[in-house]
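Given next, in structure tokens, is a single chain: the form predicted on its own.
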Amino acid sequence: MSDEVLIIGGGFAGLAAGVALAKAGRRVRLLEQKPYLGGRARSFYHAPTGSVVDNGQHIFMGCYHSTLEFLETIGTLDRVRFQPRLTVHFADRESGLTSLEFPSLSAPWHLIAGVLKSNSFTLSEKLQVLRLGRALCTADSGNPPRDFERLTVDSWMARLGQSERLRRNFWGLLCIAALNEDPSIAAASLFEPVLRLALFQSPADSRIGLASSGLSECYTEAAAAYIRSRQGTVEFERNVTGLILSAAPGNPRLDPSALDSAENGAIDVHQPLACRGVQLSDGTVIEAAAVLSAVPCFQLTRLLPESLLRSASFFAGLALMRPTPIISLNLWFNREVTDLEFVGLRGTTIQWLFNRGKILNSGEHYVSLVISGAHNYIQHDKEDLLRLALAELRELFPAAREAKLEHSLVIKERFATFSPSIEAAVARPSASTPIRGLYLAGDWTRTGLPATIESAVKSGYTAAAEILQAG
């Protein structure tokens, strides 16, 4: 059997794991089903406009320590441009444009001064935000309240004295951006670390970063080149359809032929198992010393035998992982609709606007509008979504009323992330599995963070460390 590590999936998680393993001297063979890398976080060329389009808007933050280490390792950290300090603008029908800006002070004074100075909150709301900040700063994150894992974001915020209006117009916007789910569904246990890391630590951690090029250019080719430079391979259009499981060494009681059958239906999940490779759609079998699955949870279920999914408690949580969609509406106008790089939208279906022309410094009048947690809109046709987006955009931005829409592209990511419900948050699996030689990575695994770029990269690093420790 080959001593190389086989990685399934070439998104952030798989590439981060591959880079970490290659850096440590292990040979990596990465298999990607698509003809391109990046998975759910990639960019592509849009022929009608000549623009580089991300398949969904992603942000970086200063607290993304694993991601920054990954980009530095592959030499592309300079392709992410960070704010000097956290600055977020908001737009709504009542107040127009407002902002929250953290000054260059040490924590928690940057938060206190920024909130008090902001025109985005009433005096009462400012006191509520500071009350929540004080609660987070004094709470023991390692010893949360007994019922904390049973709280949604909305119920937790209410418990901390945050008004319904503040929850809707501020905390809800942050929650749906970070967790891709409505605060009434999302688990508080996954939002708490976001707030603690992004708002209540150092000012440098609070900063937002945006890719100054297409997202793929930030990491995919550089990571692949890094792996190849260390005797690894990155292969495209390699469709893995199943894992090759057998009796673990030293366990003669289990008949390996039962596992190699087409149905794999005779697996006794109470016996030790080992993963010795994968099978491709063309029948090819690839053996390896270790296999790391870095595919989304919805894909992993298709690689595992049904008997494992039914009976093995470790994998039972996969049934609780439900998808949450994101809709991105990319609009090209004949003139500028805002000079801001990004804006949070209050009281509208569209939650965030990103000025892609300005972010990419392309000179285009090109914006991307985002609907996260888009369960109620994913079935709408693109024309209806465009009408809705344009109406809201023109209501909040006067310049948009005179702008002519020249091109549009609506992207629906139906399986963008897992829904971070209370049940799913508890059920997330670890990097090591009960099957010897099989490891997991992905933003949906047990990283302590919601499904973000940082969660994906952190999961890849964790899985790589587990593989290296196993030898």
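Everything numeric here is computed off the predicted structure, so don't read it as measured data. Sequential numbering from 1, following the sequence displayed.
Another form, the form predicted in complex with a small molecule, is not on view; read the next lines as being about it.
- Only one of 45-53, 27-35, 401-409, 429-437 places residue heavy atoms within 4.5 angstroms of the small molecule in the model of the complex, namely 27-35.
- A single residue from the set Val291, Ile326, Ile227, Leu273 has any heavy atom within 4.5 angstroms of the small molecule in the model of the complex; that residue is Ile326.
- Taking Ser189, Gln299, Ser246, Asn169 one by one, only a single residue has any non-hydrogen atom within 4.5 Å of the small molecule in the model of the complex, and it is Gln299.
- For the chain shown alone, Gly18 is not a contact residue for the small molecule in the model of the complex, no non-hydrogen atom being within 4.5 angstroms.
- Residue contact with the small molecule in the model of the complex: Ala463 places no heavy atom within 4.5 Å of it.
- At a distance threshold of 4.5 angstroms between non-hydrogen atoms, Arg446 is out of contact with the small molecule in the model of the complex.
- Using a 4.5 Å cutoff between non-hydrogen atoms, Ala451 counts as a contact of the small molecule in the model of the complex.
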